[in-house]
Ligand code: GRF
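For reference, the chain that follows is the form predicted alone, supplied as structure tokens.
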């Protein structure tokens, strides 16, 4: 029997996926335990679900940090180890230069606060369970400290690489797709672009509404996320770099996840 893994969780809302993960740990479906639940939103209802199980919780109020920074953008608030030029070269996000600067600087302040809170509860895997904030290289590189061993997992409400972004089920439904689904993947520097671990799909039928699509998707999320975490706990997820030659002769590389026996 392997040593149970320590799981940290970040949420923004109801924490339904967090609930599924905690239940899987309690039932033995995951050889692990949740050691903290943090939120960017003081009113995140999922925090209470963790507290009811005796799990430590904390809040880093992103909205408050952003408001405060815009009112007084004092560079002294930035963490001492923040290098904006370095982060810009690796952050795969487009946008106006000034807006990108504000984004990166406010994220660095918030992410430094997250890291400080998380330091009190060492963890092996960080799961984003409905955490509605993009993470920057400043944060990612301080969690992913071993090459080819990512430690930040996310669940997305669409069959990636289709419909990245914040409204996966809505985008799937409005596009007229007949198949919807969810994806668990590791985080990288892009938006929902990290290596895929697992996916589940469901049929979208005549008469389905956006609400029924979301209901079908959530039911699969609560199955898929614990399953992917179980594979991580069993050390069965292997990240490898694959190389392809495209039709135009260009060579591209991408990290992919293999499930090993």
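Residue numbers count along the first chain shown, from 1. Bear in mind the structure is a predicted one, so any value in this text is a computation, not a measurement.
A second form of this protein, the form predicted together with the named molecule, is not displayed here; the remarks below concern that form.
- Query: Taking the shortest heavy atom distance, is residue 239 within 4.5 Å of the named molecule in the model of the complex?
  - Reply: No, residue 239 sits far enough from the named molecule in the model of the complex that none of its heavy atoms falls within 4.5 Å.
- Just to confirm, residue 130 within 4.5 Å of the named molecule in the model of the complex by heavy atoms? Yes, contact at 4.5 Å.
- Task: Spell out, yes or no, whether the shortest heavy atom distance between residue 169 and the named molecule in the model of the complex is within 4.5 Å.
- Result: Output for residue 169 is yes: heavy atoms within 4.5 Å of the named molecule.
- So, in the model of the complex, is residue 155 in contact with the named molecule at a 4.5 angstroms heavy atom limit? Result yes; residue 155 sits at the interface with the named molecule in the model of the complex.
- Exactly one of 59, 201, 210, 218 has a non-hydrogen atom within 4.5 Å of the named molecule in the model of the complex; which residue is it? Checked against the cut-off, the match is 218.
- Item | Proximity to the named molecule in the model of the complex (heavy atom, within 4.5 Å), stretch among 117 to 125, 155 to 163, 136 to 144, 103 to 111 | In the other structure, the partner sits against 155 to 163.
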